[in-house]
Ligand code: PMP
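Here's a solo chain for you in structure tokens, the form predicted alone.
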């Protein structure tokens, strides 16, 4: 029986990707070897890596001024790698605090340089994206978390500044068009829109790839650029699944097409939240995420009953993050509109019983 997986991550992936990935575990392209036992130096895997890197460039509209890496350590490792590579004793960076993951990024980065907290939405439990703050021109970069998986907010516009941006796009990579000229570094853990946990997509502008201090070889972006993400054994299987997912995304029409798909899904669910008297959205409407829809019941005593109704409809992963409570529907690229409609139907039926 079909499960409607609204989990925030590890998250839903396209059905054809699951099928192809499963087949490769047994026998990759009929060569008599599992993908799991193939050398990462083999011609077969080199071709996988090259397609994955080029697909990322194609989907985001990146030119030759960017390098695409697939690294280990999750997006959390990029919290400190960005600062270690970009900052020195004379440079400073600005951070915008919009929730759980930006707080973690700030905590790690401040160990390696001077940081300015430009703005924060902590005063209202991260229910909005700060606006109207000043960004000093002399900063090395500004760091943002483009989509806040826990809170359910999202940057829909970048602040007006010439200062380069570093962006954690873990939960909205490839979900909408971006202007790559605004960024120096983009990083994203794979386990939302891209693939299984185990690899992190890191996009680095070439002119800032040289570390500004003496750091361990493994933490220097230039190391991985020179070795094409194969300085050590890369996470072969997760990279392969990422490649399949990007191939699938191209088949759907690319980022333009998936953006329209995501907007339609989000509109369907937010309209129900706004029009249903039992439910309430928790994020300012202009800052709502298209990937992670957060909402609560007006009557908290009904929460258990609503979760039971969702479970009866084969809805999985709808419970909100433990730090904020309520509910969270993660509607990443591979989520179908039909599954969102199932959730909407459950909400409507629940209101008929309890409204």
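Just so it is clear, the structure is predicted and the values come from calculations on it, not from any experiment. Numbering follows the first chain given and starts at 1.
FYI, the form predicted in complex with this ligand isn't displayed, but the following is about it.
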| property | result |
| --- | --- |
| Partner-proximal stretch of 259-267, 186-194, 89-97, 214-222 relative to this ligand in the predicted bound form, 4.5 angstroms, heavy atom | 186-194 |
| 4.5 Å heavy atom contact, residue 76 and this ligand in the predicted bound form | yes |
| Contact label in the predicted bound form: residue 149 to this ligand, heavy atom within 4.5 Å | yes |
| This ligand contact in the predicted bound form: residue 101, any heavy atom under 4.5 Å | yes |
| Residue 153: touches this ligand in the predicted bound form, heavy atom cutoff 4.5 angstroms | no |
| Listed residue (245, 145, 82, 175) with a non-hydrogen atom within 4.5 angstroms of this ligand in the predicted bound form | 145 |
| Any residue of 147-175 that, in the predicted bound form, places a heavy atom within 4.5 Å of this ligand | 147, 149, 168, 170, 171 |
